[in-house]
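Here you get one chain, nothing else, as structure tokens; it is the form predicted on its own.
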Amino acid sequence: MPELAEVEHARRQWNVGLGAAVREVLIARPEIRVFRGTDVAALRRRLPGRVLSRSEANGKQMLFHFEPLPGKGEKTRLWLGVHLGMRGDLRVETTADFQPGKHDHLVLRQDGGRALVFEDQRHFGRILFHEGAEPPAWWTRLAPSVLSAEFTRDGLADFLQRRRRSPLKAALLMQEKFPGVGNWMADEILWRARLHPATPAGAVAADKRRLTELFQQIRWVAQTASEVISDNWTYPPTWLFLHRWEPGGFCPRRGCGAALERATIGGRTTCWCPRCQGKVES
């Protein structure tokens, strides 16, 4: 499933349409689960003529803002929410004769032959629609981003202490505190912080040095992954990311090269370096 950085990368794809109005909304199959709970008729009727003014991402979700065209007398803002699910993605088509494919469930046509496309082969994604002056509740109730000012070291310590018996890997996957952090990002964070994924969360909450390192690596991985991600959703070879999938892979940290280990921790397949990530006992 796409994680924080992949979602941010997908969001940026549609930014080529900023400042342009939607001319037509194409939805071939409104009955599929991607549109569950969404007023598809209102989406088709209300979005044409609106200008894509801004986009943002938080965790695994995106929000696109649409403003009225100047001089039209319309003041209501429209909000389009997108969740990629397991295999969803956003892309842009630029040919005037573009026709949606089987898995292109939402297409927003703009001037100049541009089309903003949401595709999802597995139908686990989600499209949401809202009209109103303020952002919808399904957006505002999301946990603060790990890159926001609301995400603090003291708040992290409190969260880990309240889940002190949970292994760190399991704690980092809890979306109520770490929105958008999934399996590979949690492994990357712990590898960089030199913390074993089975370490009890409370042991780190009580250790200021390790807590500070974990806090810094959460923010660093989230920020840097969003900056360096490539179009095929991969990362540099100096990251654990590429090596964690290799059968019998080795630690990419300079001077280490130890064989990586894997186990199920927190219900997820977990990868770590036994030399770099010693377990901290509670």
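The structure displayed is predicted, hence computed values, not measured ones. In case it trips you up, residue 1 is the first one in the sequence shown, and so on.
Below, we turn to the form predicted together with the DNA, even though it does not appear here.
S.K.: Can you pick the one in Arg162, Arg91, Arg209, Lys75 that has a heavy atom within 4.5 Å of the DNA in the predicted bound form?
M.R.: Filtering the options by heavy-atom distance leaves Arg162.
S.K.: Considering His103, Arg194, Arg109, Arg153, which brings a non-hydrogen atom within 4.5 Å of the DNA in the predicted bound form?
M.R.: Flagged contact: His103.
S.K.: Heavy atoms, 4.5 Å, the DNA in the predicted bound form: which of 95 to 103, 129 to 137, 145 to 153, 111 to 119 makes the cut? Say which one.
M.R.: Heavy atoms within 4.5 Å of the DNA in the predicted bound form occur in 95 to 103.
S.K.: Given the DNA in the predicted bound form, answer whether the residues Gln223, Trp239 and Gly278 all have a heavy atom inside 4.5 Å of it.
M.R.: Checking in the predicted bound form: none of Gln223, Trp239 and Gly278 is within 4.5 Å of the DNA.
S.K.: Taking the DNA as it sits in the predicted bound form, is Arg33 near enough to touch it, meaning that at least one heavy atom pair lies within 4.5 angstroms?
M.R.: Flag for Arg33 set to yes.
S.K.: So in the predicted bound form, does Arg29 come within 4.5 Å of the DNA, heavy atom to heavy atom?
M.R.: Close contact exists here: in the predicted bound form, Arg29 approaches the DNA to within 4.5 Å, heavy atoms only.
S.K.: Hey, in the predicted bound form, does Lys60 get a heavy atom within 4.5 angstroms of the DNA?
M.R.: Contact check for Lys60: yes, within 4.5 Å of the DNA in the predicted bound form.
S.K.: Contact with the DNA in the predicted bound form for Trp245, defined as at least one heavy atom pair within 4.5 Å: yes or no?
M.R.: Taking the distances in the predicted bound form, the answer for Trp245 is yes, it comes within 4.5 Å of the DNA.
S.K.: Within 4.5 Å of the DNA in the predicted bound form, counting any non-hydrogen atom, which residues from 81 to 117 show up?
M.R.: Read in sequence order, the residues that approach the DNA (within 4.5 Å, in the predicted bound form) are His83, Gly85, Met86, Lys102, His103.
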